[in-house]
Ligand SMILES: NC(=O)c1ccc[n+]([C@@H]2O[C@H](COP(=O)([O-])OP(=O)(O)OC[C@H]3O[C@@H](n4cnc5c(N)ncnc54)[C@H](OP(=O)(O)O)[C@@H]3O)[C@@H](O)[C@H]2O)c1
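In the form predicted alone, a lone chain appears below as structure tokens.
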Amino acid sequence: MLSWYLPESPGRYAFGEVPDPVPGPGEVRIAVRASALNHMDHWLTEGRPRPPALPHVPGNDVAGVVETVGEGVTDWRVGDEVVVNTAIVPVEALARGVDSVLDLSMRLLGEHCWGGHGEYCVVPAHQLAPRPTGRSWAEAAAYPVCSTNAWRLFRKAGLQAGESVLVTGIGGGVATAAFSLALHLGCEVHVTSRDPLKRRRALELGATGAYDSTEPYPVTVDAVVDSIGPATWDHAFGALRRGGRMLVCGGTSGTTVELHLPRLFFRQLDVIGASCGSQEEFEHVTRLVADGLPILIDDVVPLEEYPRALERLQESRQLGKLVLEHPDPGIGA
């Protein structure tokens, strides 16, 4: 198949032929219609982490049409339009419900195994959900990683309508997903960004307040969603009310923060982390998307323009997801 792939890591992506992925028992092969970028696309080029084998096909977010079904697959048929949950676990782990994603054998599509920035993608059949009715291929590819991650954080935090949420670094995938989801749930949402244009756009989309990321935030909230880490940590922690929750889903500015313990226990704060989500949570978010959950997309570009989209992601110029549009394989339902 034709695909973007990493011939070495650290290294740069190339476009060309790689072996066709073949579905095994319990797996399906998807003709990809859209795939979305994540920071992992960039980190792989720096060897953070180095793929388990080379060449490696990136792409965490995948939506497309079932092209081949492996032995034993009965729930899906050729022509079904589907979306993939990125957090791949063995079928036995699904019995753990929302905790299935904690299985020690969990792998991330596009990181630990080949992903979706090519013509085809092979995944276990139990990782699929139907493409949300009425949503475009770009929207279907834009929500799995980020919106599922945001929902898992909110579910673990017990977030309720009427509560206040601060989202740091509006523009990134999880940040914009958390922003949309919190508004959808009926929360009061504040955002931060170094970019005045992003702050202005967030206010237009429904934010109550928008603040410069580099200065203390003039607001006190029930929960903070942070995917940045050390660059915003002190300001974000300082914005929490007593009994508030710090929801952590990334560290784009670094991996280590300093936590003042008396602030944590005297103010009785909770720190909650999450990455991706279980199949149960993914299916819940898929229903929300089908019911109209807004999905913020920055740009949709042809598959061959992946390097341009990746450059935009690396420079943090986007507000919402960057999506690659794949050619129509012509598979009928």
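Start at 1 and count along the sequence shown; that's the residue number. Bear in mind the structure is a predicted one, so any value in this text is a computation, not a measurement.
Below: the form predicted together with this ligand, not depicted.
None of 67 to 75, 130 to 138, 117 to 125, 194 to 202 except one has non-hydrogen atoms within 4.5 angstroms of this ligand in the predicted complex; the exception is 194 to 202. Looking at Gly244, you'd find every heavy atom of it more than 4.5 angstroms from this ligand in the predicted complex. Though the partner is left out of this view, Gly173 does reach within 4.5 Å of this ligand in the predicted complex, counting heavy atoms only. Although the partner is absent here, Gln279 lies well away from this ligand in the predicted complex, with no heavy atom inside 4.5 Å. The closest heavy atom approach of Ile228 to this ligand in the predicted complex falls within 4.5 Å.
Out of the listed residues Val57, Ala274, Ala31, Leu293, Ala274 is the one that sits within 4.5 Å of this ligand in the predicted complex by at least one heavy atom. Here is the short version: of Cys249, Val165, Val89, Ala239, the single residue with a heavy atom within 4.5 Å of this ligand in the predicted complex is Cys249. Interface residues of 26 to 51, taken as those with a heavy atom within 4.5 Å of this ligand in the predicted complex (partner not displayed): Asn38, His39, Trp43, in sequence order.
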